[in-house]
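Take a look at this single chain, the form predicted on its own, given in structure tokens.
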């Protein structure tokens, strides 16, 4: 059953809590960091990741929310007396590498579902921790950027489109011929380093598409971003033009193309087929 909680307010509360929790970590980022091992998703954990995750958990607990946590850091665990009320799928800090290097592009991703699968996500938020903004959506009610309705663009041409393309294939595989086709046939290719936020940029019309062909991105990274983009009008499929519905799990990976509109989506799929 979908929760009737005021999730928009809870997302705002989470933003404030996260910002307060990571303040000390940001100030000491240049100092040696403790070894916290690897998170459930396989990446090395940093104190700032743990601080952000704890801030989200504590904020929801204070509001009386019970949930099953699905996190890139802590994995899967039940919180509260009725943990099957909803599933909380989070990437506490998406873009940790950017953050640790002082690059101003990172966020927190929070997705809420009534089942532990991607298609069941009914509300979510991507919190831009640098620009102090929240991209959010509720199923059937559109997408918002700090409370203002957002829509994808109507850009039709690959010559005009700004295309996000993740080429970080370290410890992953990607058909480099396809990667080259995207680079050679799109005039404005970008990658900023926090995929949850990049998908939200497609939703807000700041970019026209985002493509990840590596089968490396995890559902914890993009569960919220997918809903935000779709509610804003984006077309999202895998590379075979099939809808995506995979388990919400820290180890679950996928590939996808998120396009502002159907015309652009067909052209991007065509680059793969060719």
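Numbering follows the first chain given and starts at 1. For clarity, every value in this text was computed on a predicted model and none was experimentally measured.
Absent from the display: the form predicted in complex with a small molecule. The rest refers to it.
Novice: Would residue 195 count as a contact of the small molecule in the predicted complex, using a 4.5 angstroms cut-off between non-hydrogen atoms?
Specialist: Yes, residue 195 lies within 4.5 Å of the small molecule in the predicted complex.
Novice: I'd like to check something about residue 231: if you look in the predicted complex, is any of its heavy atoms closer than or equal to 4.5 Å to a heavy atom of the small molecule?
Specialist: Output for residue 231 is no: heavy atoms all beyond 4.5 Å of the small molecule.
Novice: Going by a heavy atom distance of 4.5 Å, is residue 96 a contact of the small molecule in the predicted complex?
Specialist: Heavy-atom contact with the small molecule at 4.5 Å: present for residue 96.
Novice: Going by a heavy atom distance of 4.5 Å, is residue 100 a contact of the small molecule in the predicted complex?
Specialist: Answer no; every heavy atom of residue 100 is more than 4.5 Å from the small molecule in the predicted complex.
Novice: When you measure heavy atoms, are 151, 159 and 265 every one within 4.5 angstroms of the small molecule in the predicted complex?
Specialist: Looking in the predicted complex, the three residues 151, 159 and 265 all stay beyond 4.5 Å of the small molecule (heavy atoms).
Novice: Given the stretches 218 to 226, 238 to 246, 62 to 70, 22 to 30, which is the single one in contact with the small molecule in the predicted complex, using a heavy atom cutoff of 4.5 Å?
Specialist: Checking each option against the 4.5 Å cut-off leaves 218 to 226.
Novice: Taking the small molecule in the predicted complex as the reference, which of 155, 185, 74, 168 has a non-hydrogen atom within 4.5 Å?
Specialist: The residue from 155, 185, 74, 168 that makes the contact is 168.
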